[in-house]
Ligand SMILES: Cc1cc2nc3c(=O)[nH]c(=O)nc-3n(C[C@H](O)[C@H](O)[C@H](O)COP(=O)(O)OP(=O)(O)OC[C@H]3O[C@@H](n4cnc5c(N)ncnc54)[C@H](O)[C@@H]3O)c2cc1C
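Presented as structure tokens, the chain that follows is alone, the form predicted alone.
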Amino acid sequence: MTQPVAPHSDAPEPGKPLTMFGPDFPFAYDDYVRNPVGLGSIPHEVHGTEVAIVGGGVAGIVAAYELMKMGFRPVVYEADQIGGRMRSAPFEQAPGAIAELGAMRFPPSSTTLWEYFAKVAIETFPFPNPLAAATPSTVVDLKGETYYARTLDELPAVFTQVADAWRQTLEDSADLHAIQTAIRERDVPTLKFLWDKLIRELDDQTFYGFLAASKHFPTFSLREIFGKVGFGTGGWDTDYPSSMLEILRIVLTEADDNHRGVIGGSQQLPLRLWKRTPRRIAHWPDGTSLESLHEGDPRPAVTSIRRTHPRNYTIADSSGEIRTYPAVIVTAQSWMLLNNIHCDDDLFPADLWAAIEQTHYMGSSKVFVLVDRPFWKDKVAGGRDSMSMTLTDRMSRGTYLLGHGDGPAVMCLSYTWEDDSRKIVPLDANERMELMLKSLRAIYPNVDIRSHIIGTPKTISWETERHFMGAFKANLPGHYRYQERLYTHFMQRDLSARHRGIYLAGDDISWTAGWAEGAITTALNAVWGVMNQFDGQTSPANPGPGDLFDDIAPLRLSDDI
């Protein structure tokens, strides 16, 4: 449920927004990107050096774009299409009607992401999350009972009780207000002290265990309602087995609220960066873009990565071509290194391989249909909307209504996670549509949704996509140590020489998987790593994440406790 989760009586003054600053690694990536001096420079003698980028999602494209600006020659490999899980599928019958199969809503707190949105003139709209200001109405359907509301106050009192219980639990058990104040103020010592304390306390705790231990959730029924209706984007019961630290990183930074969608589809960000000619670029002539360096298209899928003499990386791709590079950034989901891409066992240290193997990915499915018009705006008895943004415990779980104007519009009939996603994995697009229409017909018996459908449904289950095998990483309890190893891999000074020169990036390497902000910030870490490898440096006026690493490094837990 969209709701304020922090007290307002002593809220910080305007101008100090809540951002995804930390909490694990409180580096101001947004300031770093917007600083006019740039991210750094490399010696002239290494200009034009090729660097392989494995994966053309937003992390790979950002890394390639920034390396190109420094004077490197990035070589991007992409197995499917530029964008990765920023995948926007247009409906052919209606130009402008988009099914956002991957990323579809972005919080204002993702301030580094918004810097890149601004670079390529991305336009956004308020996303219609449950009970959000931009959502005309919300229907909550639980155990056969249906409730219609425009605000939380219009729902039965038990829903307000659940919302209050969640807010109070965060205050009592997670220092909500103090941590958010430290984030707003960018008070690193305070933020590190408070967050590191929570890491020690909660690394072994599940989301559900955290709720069950709270005096504010004394009954199963309250925890059940919270799981079905939840906060921000809706129910989170499929995330109940996850580490509580994963959830706190989201709610403490308000990553799950106040979202905006992208007009024309989120895939425009990587596609526009691919074509963009930077205003300031070293070595390359004016007008150079990633597209021009690649003569139009990225290289195809990587099939193997191996280490070759003296400290190079040799990559084979699906076309049969073999190339050798002095540095590689891998932005594909890390499980690809276990199966789809053949890798030398000694490519990484053993403890990093262990972290890759322990990565836990969430499954997720979506079902979209194109309709002739936003018919849900039609009024029925009592002045209610004929349909609403819908949260339910039925198979469809979350239904979103996406339409601007009076022409064709898009319905996300179903957005599901984990077990709810796996329930429909064997079904084709039409079977999935039929199942979701059955669920919605029980909630809206007088609305003939089918009569408005004018296009073949579009669907995806990320866990069955060969080059992804899941929607995003979701750490389980006890996985903090693995995540810390993955995230800090870009700092390679303590690695043996044979393990240097290959860098991991992407949202599953970040602390906030599933958010483009995390993908981008890990890409910037890898860019700093490559720059440092080639004796480049940042300006004293704009130090990078590696320059400040020792002062703000994530907590390292001992393996002995």
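Numbering starts at 1 and follows the sequence shown. Predicted model only: the values in this text are computed from it and were never measured.
Only in words, not in the display: the form predicted together with the named molecule, which the text now covers.
Enquirer: Using 4.5 Å between non-hydrogen atoms, is residue 277 touching the named molecule in the model of the complex?
Expert: So residue 277 does not count as contacting the named molecule.
Enquirer: Since only the chain is shown here, I'm wondering whether residue 81 would be in contact with the named molecule in the model of the complex (any heavy atom pair within 4.5 Å).
Expert: Yes - in the model of the complex, heavy atoms of residue 81 and the named molecule come within 4.5 Å of each other.
Enquirer: Is it the case that residue 511, even though its partner is missing from this view, gets within 4.5 Å of the named molecule in the model of the complex, heavy atoms only?
Expert: No, no contact at 4.5 Å.
Enquirer: For residue 415, is any heavy atom within 4.5 Å of the named molecule in the model of the complex, or not?
Expert: Yes, residue 415 is a contact residue.
Enquirer: Which one, 204-212, 435-443, 242-250, 467-475, holds residues whose non-hydrogen atoms are within 4.5 Å of the named molecule in the model of the complex?
Expert: Heavy atoms within 4.5 Å of the named molecule in the model of the complex occur in 467-475.
Enquirer: Within 4.5 Å of the named molecule in the model of the complex, heavy atoms considered, which of 427, 271, 402, 336?
Expert: Of the candidates 427, 271, 402, 336, 336 is the one lying within 4.5 Å of the named molecule in the model of the complex.
Enquirer: Considering non-hydrogen atoms and a 4.5 Å limit, which listed residue (85, 489, 479, 397) is close to the named molecule in the model of the complex?
Expert: It is 85 that has a heavy atom within 4.5 Å of the partner.
Enquirer: For the heavy atom contacts within 4.5 Å of the named molecule in the model of the complex, list the residues of 359-394 involved, in sequence order.
Expert: Read in sequence order, the residues that approach the named molecule (within 4.5 Å, in the model of the complex) are 364, 366.
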